[in-house]
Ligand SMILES: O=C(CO)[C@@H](O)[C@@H](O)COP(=O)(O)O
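Just the one chain here, laid out as structure tokens, in the form predicted alone.
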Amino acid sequence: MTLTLTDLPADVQDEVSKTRRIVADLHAELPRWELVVWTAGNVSQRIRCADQIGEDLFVIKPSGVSYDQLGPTQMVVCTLDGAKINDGTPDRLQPSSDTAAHAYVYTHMDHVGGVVHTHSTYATAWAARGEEVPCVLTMMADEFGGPIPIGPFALIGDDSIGRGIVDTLKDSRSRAVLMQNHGPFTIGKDGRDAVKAAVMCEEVARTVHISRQLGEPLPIAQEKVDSLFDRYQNVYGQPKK
């Protein structure tokens, strides 16, 4: 049976409304950081409400809608099987073509609260070569804890991309994967965290590409990568409350 938003508990409806605004605002970050063109790319964020309605939900952008037309009321609400609920949007407003991939990630990686997909130029260029981005920058060690891995080739339309993302990242510290011949997908504790990972993925992909035009980049010893990752994840920034 399809869920209807207005039938859900009031606090769940409030969380949906809040998340729709967050996800709409985060979509504006993708063109701002030059990670997408036209209508490509998407951001989603999980709504943890299984204890109230029996399952989590997530919010994602509609398919093929221009970024300058996206607002909170256009954001689509889905269950973790990728099905759109009766969320008050028109029936013609279908969720992103990558919805099945996002849904699979949420279903199989419970710690993930946000997923982002872009076709950012340099990261996608590495994906086109089927080559991981080697960890030759302290920024990469900080953010990704090692190289940005390559995921398998997979077609859009079912959960094949999601399976590739999960299989590639389940034993990796990286929050980014370059799906072969396709482009980067990133994960995070929420949508904003996943967007940050997408921005950083493109930045290091660009920098390492430029470095390779000048010569072979110098590797960082694994113990140094581990130390940098631990410091950035647990010490860097303001004290956590």
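What you are looking at is a predicted structure, and each value in this text was computed from that prediction instead of being measured. So that there is no doubt, residue numbering starts at 1 and follows the sequence shown.
FYI, the form predicted together with the ligand isn't displayed, but the following is about it.
Only one of Ser211, Thr39, Gln52, Ser172 lies close to the ligand in the model of the complex, with a heavy atom inside 4.5 Å, and it is Thr39. The ligand is not drawn, but in the model of the complex it has a heavy atom within 4.5 Å of Ser63. Shown alone here, His119 lies within 4.5 Å of the ligand in the model of the complex, counting heavy atoms only. A residue is said to contact a partner when one of its heavy atoms sits within 4.5 Å of a partner heavy atom; Ile156 meets this definition for the ligand in the model of the complex. In the model of the complex, Glu143 stays away from the ligand, with no heavy atom inside 4.5 Å. Residues of just one listed stretch (212 to 220, 41 to 49, 172 to 180, 199 to 207) have heavy atoms within 4.5 Å of the ligand in the model of the complex: 41 to 49. Taking the ligand as positioned in the model of the complex, the residues of 67 to 97 that bring a heavy atom within 4.5 Å of it are, in sequence order, Ser96, Ser97.
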